[in-house]
Structure formats: C-alpha cells, structure tokens
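Encoded as structure tokens, the following chain is the form predicted on its own, with no partner shown.
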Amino acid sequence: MKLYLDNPEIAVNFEAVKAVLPGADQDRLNDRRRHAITSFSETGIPGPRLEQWKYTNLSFLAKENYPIAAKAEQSDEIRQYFDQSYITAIAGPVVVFVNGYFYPDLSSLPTEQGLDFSVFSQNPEAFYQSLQPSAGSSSLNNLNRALVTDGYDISIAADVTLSQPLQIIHIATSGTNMQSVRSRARIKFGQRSQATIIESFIGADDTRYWFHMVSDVILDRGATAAFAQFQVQGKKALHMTEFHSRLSDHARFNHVSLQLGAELDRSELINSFSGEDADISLSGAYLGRLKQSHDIVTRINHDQPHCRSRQLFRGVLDKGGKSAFQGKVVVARDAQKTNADQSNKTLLLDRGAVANAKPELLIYADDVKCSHGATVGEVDPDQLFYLRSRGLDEIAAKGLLTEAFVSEVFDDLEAGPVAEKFRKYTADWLRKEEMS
C-alpha cells in the first residue's frame, strides 16, 4: 500500500532554481536546502491512504508543478490587498511579504527595546537556523525548507511586554498563477515576556497558487503569547500552514484563527509542553461553500504534569462545502493532573455540505480530567422562522445565526479591533457571491 506519492519534477525544479534562491551564495545554507530536498524526495507527497491526510487529497500534486513565485513589482493590487487585511484600528508595526518576499514599501519594522526582529533575506544567520533539520519534520516541511524564499525571526527578551501588537501580512498576487509561495517563521519568547502577533493571509481570487507557511514558536518560563491568524486567500488557492509551539513551565499560549478563503485549506497546530503548570488554548472558525475544503489538524502532547489545554473549533458549511477536524490529545504516563478539553461543532446550512470529525484522546496517566466532543447539525428551523417573522430575509437570518454560532471562538481575542474584524468577516460571509 503506497502511502506517499512521487513527483520527480519537484526535485528537478529545485535543481533549476537553487542558484537564485535567497542565500544561494552561502554554502552552509545551500547544504541545508539540499538535505531538505533529499529528505522530501525520499518520502514524497502525503497520499490519501495516510490516516492524517485522508481528508486532504493531494493526489493532484503528483502531476502538477508549482515553481517558486517571483518577486512582485509595486502595484495597486498589492496596496488593495494590504488595505483589506491591515487592521487600521491598531497602531503598531506591520511587516508585509508579497509572493513570499519581504516588501519594505508597506512595512514598518518594530523597534521596541527588548524585541529583536529580522527578515530572513536580511539575516543569513537566522535564515540558516530556521532551516535546521528535524527528525520529526513532515515531508512538506522538508519541501518548505528546501524552497522557502523568505520569512521572519522574532526574539523577545526576558521580562519584556510589547506595548503594541505586531502585524504580519502575506499577500499572493495575480502573478503567482500555478506557482508556489513558501515562507517560514521562528519566534522565541523569553522568560515572562508578553506579546500579541496578528497574521493575515490574502491572495488573488482568480489565481491558482500554493501557499505554504511553517512557524516554530518557543515560550520560555512564564511567557505569554497571543496569536490571531486569519486566512482569506483566493478562491482557487491551495493554502497550508504548519504551526509548532513548545511551552516551558508557567507559560501561556493562546491561538485564535479564522479560515475563510482557499479552495483547499489545511491548518496544522502541533503543540507540546516542556514544563509544568502551562496553558494552551486553541480556538478557530472555518467557513466554506462550493468547492471549498477546510481541514483543521491539531495535536497537543501533554508530556508534563499539571498542564491544561483547551480546544474550541466551530465550522459553518454551505452548499458544496467540506470540512474535517482531526484533533488529538496525547497524555503521557507521568503527566498527572492534566486537564484537557476539546470541542468541535459544525453547522450545515445545506445538506450538500460534508463535515468530518475525528477527535482523539490517548491517555496513559490515571489522574487526569479530559473530555472531547464533536457534533454536526443544521440550522434550527424554529430560530430561523423566528428571525424571518421579525422581518429578516433568509440570507440575513442565516447570517445572524452563523455569527452567533461562531462568536464564542473570538471571545479570547484581547485586541478589540481584531475581534471586530473577525466578526465582520463572519457576518459578511453569506453575503458574498457564491464560489463557482
């Protein structure tokens, strides 16, 4: 039984572009790229027979090639996407990447004391460290390491609290048709540091491109990190993110996401504890309709005692939409006093939508409190009738019920304008033209 799919053209493409990739003039960085593409080629593209990929069918990648996108020239298109994704109510630095490359024209780099920020294309050492191989890297992570063009490195010193959120915006222009955009991030929170990071992904509607982002986040003792990510990629896009976090003792990690765009969207959140008395909170909403597929994959490794995790995900699917939630919590034998809760609910606005759910608990300790639940249901006809009897049309009534259904996902957002932006996107979702 073949678990991975082959596409030799990907390695051929690497050989063709390796001389022009950022950092190509540095032998040690090139060595890590070559190691990565070799690791990928030895494995291949995840196939649908792999359990964790059964709901995300990448068989087309065995036939289609997505060469690296080129840098984009300054244009009104870029400005338009920037204005759409930028949260103007928040004063603070913003870093923009276009087609996978740092875009200084719209960026204002952070300068707060105690914050060390750099983009990989301008920091060879950070770029080199970000490509460090890992025995547990997935095949697509290895492909990203081989072909990544840019990204960012953040290091926050101990006892530093950033006064303003940091916004990161990724834009894919119409010039990326049948091309790939690959980025990475490496973020380190020092002891007792605190920061909020807002990350947006947006792209051209009528363009088929493959966006892939890999992030590694480390929280030292007592650090507090808040992440808000929202994805409004083009309706033909293939969007993938792989987000890893590791928490030391007394650290707090909060991640909130909203997935709206892309034809095929997969978000992986892989988390682990390296110290006691730490907290992880993952929450997200995904909304899809015709030809859209959202796949949310989470894993929380409770390897230390006295740690807590909470997962809250809500999905809304209209006609032709598809989703999958695969959430796994693993409690190690010595991870006593673990408290883990997982909830996934999906609302179907049409019986032509398909929702899959696969919650998992693997518990090897005996003094724990763990729970999980998953439900799929339709709009309550009584609630819909009540709203329509008060003068709302069907679309407006469903929109209001949809907003109410997913609103609790955004309760953890401390930055008011971010929550407002997420709620606005959710409320407007049903009013947008149906994808074709």
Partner chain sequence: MLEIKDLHATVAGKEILKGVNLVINAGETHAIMGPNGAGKSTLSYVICGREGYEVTAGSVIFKGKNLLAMTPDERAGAGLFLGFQYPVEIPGVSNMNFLRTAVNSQRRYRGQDNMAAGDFLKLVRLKAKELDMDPDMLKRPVNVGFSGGEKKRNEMVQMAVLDPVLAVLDETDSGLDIDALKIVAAGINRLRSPDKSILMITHYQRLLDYVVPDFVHVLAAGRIVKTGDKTLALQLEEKGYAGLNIAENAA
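Residue numbers count along the first chain shown, from 1. Keep in mind that this is a model prediction, so the values were computed, not measured.
Absent from the display: the form predicted together with the partner chain. The rest refers to it.
Taking non-hydrogen atoms only, Phe60 never approaches the partner chain to within 4.5 angstroms in the predicted bound form. Shown alone here, Arg49 lies farther than 4.5 Å from the partner chain in the predicted bound form, counting heavy atoms only. In the predicted bound form, the partner chain sits within 4.5 Å of a heavy atom of Leu401. Proximity of Arg34 to the partner chain in the predicted bound form falls outside the 4.5 Å heavy atom cutoff. Stretch-level contact check against the partner chain in the predicted bound form with heavy atoms at 4.5 Å: of 369-377, 403-411, 26-34, 61-69, the positive one is 403-411. Residues Asp382, Gln383, Phe385, Tyr386, Leu387, Arg388, Ser389, Arg390, Gly391 of 374-391 are found to place at least one heavy atom within 4.5 Å of the partner chain in the predicted bound form.
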